[in-house]
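Just one chain is shown here, as structure tokens, and it is the form predicted alone.
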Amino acid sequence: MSTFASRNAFDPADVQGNILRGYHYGRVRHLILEVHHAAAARRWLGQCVSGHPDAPQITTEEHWTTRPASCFNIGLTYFGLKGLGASKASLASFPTEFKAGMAGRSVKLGDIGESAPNYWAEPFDDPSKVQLIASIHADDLVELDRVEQQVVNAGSGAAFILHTARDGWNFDTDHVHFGYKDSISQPRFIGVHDPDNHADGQPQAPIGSMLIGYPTEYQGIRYNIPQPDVLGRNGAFNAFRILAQDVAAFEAYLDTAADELLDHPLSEELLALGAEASFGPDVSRREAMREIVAAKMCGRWRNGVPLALSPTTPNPEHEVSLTNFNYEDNDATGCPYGAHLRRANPREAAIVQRAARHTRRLVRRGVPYGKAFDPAKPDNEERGLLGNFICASLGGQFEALMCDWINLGLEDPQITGSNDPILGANFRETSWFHIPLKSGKNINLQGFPRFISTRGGAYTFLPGIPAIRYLASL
């Protein structure tokens, strides 16, 4: 550990866990808290980093030899820092977008229409009440309940008001509600991940792309550290989002698109006659066409196989890497320019903003919520994803990605003016998505609705362990 720390001028014990490396538990519970009594809340924070037996201990980046029954972490909003008693000078030193909060930046994020903040679930419709998000990771409900009770008991109930709890769980081996395999690719960090086990064609990222105070991808540039230094250094920012997924609408659109494409004059160029046999036994041509549409919109087949390595079938003859691939410049006949995966991370492909290719990478920690959708028994229950999108700069990374790439398509002139077909702020009247073909022609899909809507969210600061001690001492 000393060699690691000296080489990087960074100590894993100073950083909250789940930022640079994931926990991989089956369940998570996010407690949405408001500071009720500042002194009691500060005292409780101190207990969470001092080994106090009655307080959940905040998990750090340090390696463990025995996997704990649960992990615990916190994030603070601007209102949370203010409620804990941070000085005006400290509050003013935070970035503009963090101070404005997610609701204040909603238009830039595409949170419009029914995704607008005035439609968000309580308490997210009143950002001043969302001050601290405490996250518990475990494999069973008993452990989640135990740690939650420790939080509820904080300061004999005087420290916080618990507004709500949001539970998520991996209901189908890392698949999300739309049926795609998730949790596949994350940034690998210099000095944290072994490059010999770096099965990814992308360059390793400096830790400054996630942690404040360290070198970034930009030569000679570091993101500003909120002041005082002990408060900002080793921290990260997080966009916590509750994203409802309309599975019924998504599956219905796959039906519609497949029917249209089967009658399209270029149908056989998209799916050669008899090629449906490679999709599995007894798979019809219509079923195979549905899966092609789902794969083209995402950039992966629903089993996780990337289109860049297997453009015509989800079941390639030889095993392929799910992470080690790139996009050929000016060729989108495998993975379309507008596919979700390629928009969110263009890898080595040529894009208009070429210098930005590797500067907007995010750590994504997402867990589904709600029961799995049963097409035989459709219901109106809400289901979706509890997403954490972690970075060192909300404006330079998360917002730039959401605005420029997801909802404007600025990577390539051929998709500019379109939104991400899965995550984007789409409306039936204006939505469109091109599928390029080897002949040089395009198949154009259009008329699809918004499949993912925002139901709540907040920008949080994930303070380092010294920062938590500093806040406790105010």
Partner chain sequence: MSGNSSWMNSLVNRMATSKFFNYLAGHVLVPYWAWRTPVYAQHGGPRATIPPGDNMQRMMNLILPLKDKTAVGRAKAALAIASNLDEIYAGLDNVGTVHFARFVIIENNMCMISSYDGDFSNYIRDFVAQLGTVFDSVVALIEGGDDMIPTKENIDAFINWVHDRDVYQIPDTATDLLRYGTIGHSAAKADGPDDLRLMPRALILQLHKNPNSLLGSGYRGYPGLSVAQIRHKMGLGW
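Positions refer to the first chain, counted from 1. Values in this document were obtained by computation on a predicted structure and should not be read as measured data.
There is another form of this protein, the form predicted in complex with its partner chain, and it is not shown here; the text below is about that form.
In the predicted bound form, its partner chain lies within 4.5 Å of some heavy atom of E411. By the criterion of a heavy atom within 4.5 Å, G417 is counted among the residues contacting its partner chain in the predicted bound form. Using a 4.5 Å cutoff between non-hydrogen atoms, R360 counts as a contact of its partner chain in the predicted bound form. Shown alone here, K82 lies farther than 4.5 Å from its partner chain in the predicted bound form, counting heavy atoms only. Only one of the listed residues (Y223, F189, F72, Y369) places a non-hydrogen atom within 4.5 angstroms of its partner chain in the predicted bound form, and that residue is Y223.
A heavy atom within 4.5 Å of its partner chain in the predicted bound form is found for exactly one of I112, A252, V320, A275: I112. With the partner omitted here, the stretch from 130 to 138, 202 to 210, 102 to 110, 174 to 182 that lies within 4.5 Å of its partner chain by heavy atoms in the predicted bound form is 102 to 110. Here the marked residues A55, I58 and E148 all miss its partner chain in the predicted bound form; none has a heavy atom within 4.5 angstroms.
Along 341 to 355, residues A350, I351, V352, Q353, R354, A355 each place a heavy atom within 4.5 Å of its partner chain in the predicted bound form.
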